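Quick setup: one chain, the form predicted alone, written in structure tokens, and binding and motion questions come after.
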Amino acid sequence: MYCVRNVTDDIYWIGANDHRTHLFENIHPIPQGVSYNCYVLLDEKTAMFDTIEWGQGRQMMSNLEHVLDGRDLDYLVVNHLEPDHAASTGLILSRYPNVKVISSEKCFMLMHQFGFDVDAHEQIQVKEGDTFSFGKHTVTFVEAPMVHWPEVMVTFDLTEGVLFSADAFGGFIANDGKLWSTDVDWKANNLDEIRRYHCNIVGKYGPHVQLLLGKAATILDKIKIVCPLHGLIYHADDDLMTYIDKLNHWSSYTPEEKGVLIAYASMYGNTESAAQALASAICEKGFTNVKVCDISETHVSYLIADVFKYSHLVLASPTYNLNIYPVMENFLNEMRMLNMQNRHVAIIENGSWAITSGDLMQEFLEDEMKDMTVMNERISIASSLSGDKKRDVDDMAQAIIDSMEEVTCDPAKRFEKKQH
């Protein structure tokens, strides 16, 4: 059974929604599923923009055949060859032997690496600024390398102002019939999963996203609709600028809001008690935008999303074999790999006979990461938080609140600050 939606009179969504996959990229939990989006243009010539992952290929083919209604598929435009979007390319190539493939040089290279029989088809290699006409519709191509693979490009339909944006503007959560951002209260219901998607998948490549946003700014007045490869579709006059503002924050590593994430690891509950005592002290002083997470119970992708969101981070870890507790060390490595920067960090350390985790965490933040402000106030615990540490807890809480004045949540102001 087919399941399609009109994007415009000539453009159709023919993707699929996935609730069977539990781990996106076999790493990130997707409890609310994910959509795989691809699109078809019916013009004098027919054109398909990307495909989807292999497991949903049958649904895609059913959708495509319904929309084509007996017509041949003339062109396949491949913007991004990651398998969650391109694994079904082989289905298209075998089902439509006359289809011509339009893509970038690096994308064709990857097609060969993945074993697609693309040499049996006419290949049209395009680069930035090239245009191509399917009849009434003319498209142009914009290179978007490392957003988040090196071959990525986006395709802009000059006729109707539709931007096929590859992984940019994507997000977790299956659409389940709700195609447009206006079909849901996406800022209330989808934003957390959009953030988690972007920051974990694309977060490392902030400068490249900034470059793409700069290119998009030159045609912003012409963009009417944004069609990403995951998630909802956006009308330019509704929610696009809100999403662009979020992208600008995430890709410039500027916090969205002044707030505190207290991320703790605890073997027997004593470090957890210290984390909760600090959260209580901060809230008691009138600042309540505080979130507390047990990193042994919280998947690291959620932690990463919150680090991108909040201005302040508290790391609370016991010492383990004279080192940082393993799940905390993993969290630190994830932040480093995703290029996290520009955060205020406070440290709580614990140990029974050798308290080393605090110095090791501070060393990691200062030597392995960029632009991380490690606060002078530290809470050092010998086994459990004793009553004489209340002053240390209060001092750290006050220092965190006071340092909020140093924080800017405006990407432009952060850039100005860095320039000076």
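All values derive from a computational prediction rather than experimental measurement. For every residue, the number given is its place in the sequence shown, counted from 1.
A second form of this protein, the form predicted in complex with a small molecule, is not displayed here; the remarks below concern that form.
In terms of contact with the small molecule in the predicted complex, the residue from Ile355, Met375, Met61, Leu42 that brings a heavy atom within 4.5 Å is Ile355. With the partner removed from view, the residue among Ser251, Thr89, Asn350, Ser104 that has a non-hydrogen atom within 4.5 Å of the small molecule in the predicted complex turns out to be Asn350.
The small molecule is not drawn, but in the predicted complex it has no heavy atom within 4.5 Å of Gln123. Among residues of the shown chain, Tyr302 is not one whose heavy atoms approach the small molecule to within 4.5 Å in the predicted complex. Remark: Trp149 does not count among the residues lining the small molecule in the predicted complex, judged by a heavy atom distance of 4.5 Å or less. Contact check for Ser266: a non-hydrogen atom falls within 4.5 Å of the small molecule in the predicted complex.
For the small molecule in the predicted complex, the listed stretch (218 to 226, 269 to 277, 173 to 181, 112 to 120) containing residues with heavy atoms inside 4.5 Å is 269 to 277.
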